[in-house]
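First comes one chain, alone, set out as structure tokens in the form predicted on its own.
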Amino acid sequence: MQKQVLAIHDLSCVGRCSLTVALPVLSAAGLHVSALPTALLSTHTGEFTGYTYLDLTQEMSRIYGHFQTLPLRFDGLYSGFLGCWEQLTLVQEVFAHYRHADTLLLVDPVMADQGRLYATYTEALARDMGRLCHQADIIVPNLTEAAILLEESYHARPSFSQVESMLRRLCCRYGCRQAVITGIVRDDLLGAAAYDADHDTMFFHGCPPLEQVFYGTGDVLASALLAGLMRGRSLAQATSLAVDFTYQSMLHTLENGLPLRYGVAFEQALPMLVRALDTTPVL
């Protein structure tokens, strides 16, 4: 039976990120994806000015109310950007309502990068993001978000032993089974570090770093990671697949000569993702 995922993210009309990434990536992986949008933006907030922003909290409540009249069952729950404290409380309720014994719940605590909160986030909302992480099976913060969740100072280039400590402490503090931190540099490679608390195993996968600044790569990686996990891949397999898919998306963007602020050309890397999911043995 086809697995179903509920993606709870914002929607940027221009600039590939959030729902415009999650929906096609998860769909290409063979999953049936439904959406609960948190905000509507004319563009994403990186390198764009004058963008419009519409908070969808009230509409989220109406959508969720209608969902409850339908015989919906989700095998995966996936949250990203939230616009306000009220949304966080609502998403907690959604998680509690739709979670069952076999549901995989992934929280991407989208709130900051490069040591700074995003423009639409408050420090109070960032602190409370931990409430969602407590419900998650797996969390996927970047280095800045991991530091916020651990209430410690941000370091752009921690040693790998420090990263290992952060991963263990994230799982211990929030009770999640797995954690992945993105934006990790190790042995001159840039990628993601993953920790499986159930088996006390650590894993890293990276690719050669590129000097350009790309947007939406966190959403690309988290969506591909969830796709791999939902298709039965191990955490190490899914992390490797997600990092490679994100890297190929960036390479396609450079080949196309497209303005980087419009996001990465993940569409051209989707065949690689589908092939990997169809041919990689499940461990």
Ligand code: PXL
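In case it trips you up, residue 1 is the first one in the sequence shown, and so on. These figures come from a predicted structure and were not determined experimentally.
Although it is not shown, the form predicted in complex with this ligand is what the next lines describe.
query: in the predicted bound form, which of the stretches 22-30, 211-219, 59-67, 225-233 has residues with heavy atoms within 4.5 Å of this ligand?
result: Within 4.5 Å of the partner lies stretch 211-219.
query: Taking heavy atoms only, is residue 160 within 4.5 angstroms of this ligand in the predicted bound form?
result: Although this ligand is absent here, residue 160 would stay clear of it in the predicted bound form, with no heavy atoms inside 4.5 Å.
task: With heavy atoms only and a cut-off of 4.5 Å, decide whether residue 17 touches this ligand in the predicted bound form.
output: Yes, contact at 4.5 Å.
query: Does residue 118 make contact with this ligand in the predicted bound form, using a 4.5 Å heavy atom cut-off?
result: Yes.
- request: Please check if residue 78 has a heavy atom lying within 4.5 Å of any heavy atom of this ligand in the predicted bound form.
  value: Judged by the heavy-atom cut-off of 4.5 Å, residue 78 is well away from this ligand in the predicted bound form.
query: Heavy atom within 4.5 Å of this ligand in the predicted bound form: which of 129, 110, 106, 181?
result: Residue within 4.5 Å of the partner: 110.
task: Could you list the residues in 35-49 that come within 4.5 Å of this ligand in the predicted bound form, counting only heavy atoms and keeping sequence order?
output: The stretch 35-49, when checked against this ligand in the predicted bound form, contributes 41, 44, 45, 46 at the 4.5 Å heavy-atom cut-off.
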